[in-house]
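In the block that follows, a single chain appears as structure tokens, in the form predicted on its own.
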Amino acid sequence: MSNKPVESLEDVARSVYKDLVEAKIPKVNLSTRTKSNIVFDDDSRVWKYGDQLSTRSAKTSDGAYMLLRTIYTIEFIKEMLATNKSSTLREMYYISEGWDFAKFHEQQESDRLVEDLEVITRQLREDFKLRPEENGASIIGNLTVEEEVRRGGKRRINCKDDVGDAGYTIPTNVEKDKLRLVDADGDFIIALETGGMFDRLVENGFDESSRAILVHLKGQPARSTRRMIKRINSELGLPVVVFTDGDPWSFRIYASVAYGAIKTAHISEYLATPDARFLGITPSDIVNYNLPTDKLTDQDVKALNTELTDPRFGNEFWKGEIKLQLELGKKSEQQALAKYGLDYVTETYLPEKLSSLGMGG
């Protein structure tokens, strides 16, 4: 394993120590993780953090405690790397109970500190042997992968022939040293927000009839899910479309797949798929397909207005769709297509929408 994660963490600790030796108030600087500090990177074609910096300083008691927790966390990660162990983010939170004054008060604090260390060191939490509780979601389609097995060696799995109806579960670590993409016999990836729609397409045989690789996003997709989509797209050349509900929260799911999420903008080039296109449900679909709807809530309206100022939604398509949804005052779900029968989504809606994007048979 590369020593880069250890070296980058030691640099952080060394900087704090240097400040103390020189009788300075210790601090660390990192990119400000806000919407106002994301900029479009022309080379990678994703949204990343800009030049705005924030400071974690021991000038206040809260800042001093956070720096103390930072040093304890660095030591914990170094110990894991040295012993080839790993930890969930939840386990690390509970381990901090033994850190006296450095213990975290809630997991949100420890999760945010790990993200801060990613930003400062330009390493991934996977490099630190830290993982979430949950795995990624599921894949069904003619994709073959090769993964390491627990007792050594490797095995090949075809995500169509070697799985049940639930599909192949995306592991937490999908980097090349753990998972190799062998090949794919398909025309595109369709990433689906809901399990119900994923199951509908599987039951209707859409992966086979349309030569599609189906990926269940499981709501807001896990990092490993986004990384897997990115790898399939860039390494195997399959285009990506994203099929979600028609509401502002679902639009953000698409944004996290295509543009990168604000909280993980420091690693957007690893997680985002800039060529991913939004399939639906669009506000225009609500009108064009006369879909059943629900009224927008106050929170929905606030979220849509926020998206109008979000640079990731700055093109004409998104501005037009968001303004239309505000005018309609309505939202709709993927399952609303069942109004026309269980086969309508695979026999009519998806073929029409894919054709409008220049895809499909």
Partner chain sequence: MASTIAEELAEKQREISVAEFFERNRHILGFDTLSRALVTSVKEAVDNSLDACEEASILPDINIGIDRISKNEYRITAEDNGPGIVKEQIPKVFGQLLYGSRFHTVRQSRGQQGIGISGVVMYSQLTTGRPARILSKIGPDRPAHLYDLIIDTKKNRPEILREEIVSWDKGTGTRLEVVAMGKYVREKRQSVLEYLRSTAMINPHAQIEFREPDGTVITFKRASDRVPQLPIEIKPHPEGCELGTVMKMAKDTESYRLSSFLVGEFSRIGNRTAREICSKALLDEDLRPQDLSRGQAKRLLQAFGGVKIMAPPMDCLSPMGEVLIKRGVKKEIAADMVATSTRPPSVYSGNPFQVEAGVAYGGELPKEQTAKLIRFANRVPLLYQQGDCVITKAVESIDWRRYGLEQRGGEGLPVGPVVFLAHVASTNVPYTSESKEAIADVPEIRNEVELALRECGRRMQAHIKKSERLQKLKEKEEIIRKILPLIAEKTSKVLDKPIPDISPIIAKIMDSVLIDGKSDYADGFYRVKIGVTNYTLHSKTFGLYLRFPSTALIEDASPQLDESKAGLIAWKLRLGPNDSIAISLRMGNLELGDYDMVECYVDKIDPEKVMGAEIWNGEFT
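All values reported here derive from a predicted model rather than from experimental measurement. Positions refer to the first chain, counted from 1. Note that the rigid core is defined as the largest set of C-alphas that superpose within 1.5 Å between two forms.
Keep in mind that the form predicted in complex with the partner chain is missing from the display, and what follows is about it.
In the model of the complex, does each residue in the set D19, K24 and Y72 place a non-hydrogen atom within 4.5 angstroms of the partner chain?
Looking in the model of the complex, the three residues D19, K24 and Y72 all sit within 4.5 Å of the partner chain (heavy atoms).
Since exactly one of V28, A58, L304, I38 fits, which has a heavy atom within 4.5 Å of the partner chain in the model of the complex?
Residue within 4.5 Å of the partner: A58.
Which single stretch, out of 28-36, 311-319, 329-337, 61-69, brings residue heavy atoms within 4.5 Å of the partner chain in the model of the complex?
Contact criterion met by 61-69 only.
K78 near the partner chain in the model of the complex, any heavy atom under 4.5 Å?
Looking in the model of the complex, residue contacts with the partner chain include K78, since a heavy atom lies within 4.5 Å.
Taking heavy atoms and a 4.5 Å cut-off, does E352 contact the partner chain in the model of the complex?
No - in the model of the complex, heavy atoms of E352 and the partner chain never come within 4.5 Å of each other.
Taking heavy atoms and a 4.5 Å cut-off, does E347 contact the partner chain in the model of the complex?
Output for E347 is no: heavy atoms all beyond 4.5 Å of the partner chain.
Output the sequence-ordered list of residues from 89-105 with at least one heavy atom within 4.5 Å of the partner chain in the model of the complex.
Stretch hits: a single one, F101.
Large Cα move at P292 between this form and the one not shown, threshold 2 Å, rigid core
Comparing the forms between this form and the one not shown, which are aligned on their rigid core, P292 does not shift its C-alpha by 2 Å or more.
Tell me, please, whether between this form and the one not shown the C-alpha of W318 is shifted by 2 Å or more, with the rigid core used for superposition.
No, the C-alpha moves less than 2 Å.
Using a superposition on the rigid core, decide whether the Cα position of A64 changes by 2 angstroms or more between this form and the one not shown.
The answer is yes; the displacement is at least 2 Å.
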